[in-house]
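Heads up, the chain below is alone and in the form predicted alone; it's given as structure tokens.
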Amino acid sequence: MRSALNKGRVLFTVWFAHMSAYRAEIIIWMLAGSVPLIMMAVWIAKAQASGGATGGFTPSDFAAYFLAAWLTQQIIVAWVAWELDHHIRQGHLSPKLLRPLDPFWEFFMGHASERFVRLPFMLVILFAGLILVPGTRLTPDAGHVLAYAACASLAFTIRFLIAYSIGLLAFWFDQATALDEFYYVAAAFLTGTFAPLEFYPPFIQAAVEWTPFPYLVYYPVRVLTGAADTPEILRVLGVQLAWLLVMTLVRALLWKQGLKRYGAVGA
């Protein structure tokens, strides 16, 4: 256990230093992921035009929702599918296989450390958003913040495992990243980034519940903003843990079978 913790600490320290050198690039990527902030302005305008509320959401409700959605989206962003696709197709994975550590953890720590680099910038944008929309309250109490931290951490890990599994498809396909691009399109609609899922038709809401999408953004947002009570928070955590187990098994299976194919072509 001590050895594993020491490896994790070293990996985190190295990757944090590496990511800190690309702060300007990280800010650019943060601004590129501003869809929730754009949708916040759209829905606030719609609520104001409708007499002060739309679907039970007031302008301050929409502001809290989309600020929380933007924050969650920033936490769960993952690009490992592109990295794996490049490493596998170019043969750069080979030297990593010689190390006494699954490459998974190197990629994971790279993503985790990057969250801490972008954290100060996220807080500045959140603070600005709260000022721009008077009366906006992002969360009711510290308890919901702690519950959100757990939900967001699980959401990040699930999203990372999904991206990692997509990247592993490069063992079989030349353009595995095309599937990751499709994921981004589907996620924009099904995670609650464009609108709260309450505004979707009931049959779509029911279907989406059987996917991991709402548990990546929508439900963590409900937890942070206080819309979810204790039973719902426990249910969300339970479903997230189930998806975490599923994606862990999928990742392990693809890795095991992919390595056989990787070695078979002499890479």
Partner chain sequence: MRLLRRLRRYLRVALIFAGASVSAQLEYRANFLVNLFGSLLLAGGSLLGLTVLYGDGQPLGGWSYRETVVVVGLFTFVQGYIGAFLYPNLNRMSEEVRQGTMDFTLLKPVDSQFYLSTRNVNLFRLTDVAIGAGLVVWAARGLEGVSLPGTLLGGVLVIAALWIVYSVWFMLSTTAFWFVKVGNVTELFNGLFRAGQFPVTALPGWVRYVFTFIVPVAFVTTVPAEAITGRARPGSVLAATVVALLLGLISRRFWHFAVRNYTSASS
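Note that this is a predicted model, so its numbers are computed, not measured. Residue numbers count along the first chain shown, from 1.
Missing here is the form predicted in complex with its partner chain; even so, the following discussion is about that form.
Triple contact flag 225, 244 and 252 to its partner chain in the predicted complex, non-hydrogen atom at 4.5 angstroms: So, no: the whole triplet misses its partner chain.
With its partner chain left out here, work out from 191-199, 156-164, 112-120, 140-148 which stretch has heavy atoms within 4.5 Å of it in the predicted complex. That would be stretch 191-199.
Please run the contact check for residue 131 against its partner chain in the predicted complex: heavy atoms, 4.5 angstroms, yes or no? Result no; residue 131 lies far from its partner chain in the predicted complex.
Residue 239: heavy atom within 4.5 Å of its partner chain in the predicted complex? No, residue 239 stays farther than 4.5 Å from its partner chain in the predicted complex.
Although its partner chain is absent from this view, report whether residue 43 comes within 4.5 Å of it in the predicted complex, heavy atoms only. Contact with its partner chain, yes.
Verify the contact flag for residue 124: yes if a non-hydrogen atom of it lies within 4.5 Å of a non-hydrogen atom of its partner chain in the predicted complex, no if not. No, no contact at 4.5 Å.
Residues from 165-182 in contact with its partner chain (non-hydrogen atom within 4.5 Å) in the predicted complex: Result: 174, 175, 178, 181, 182.
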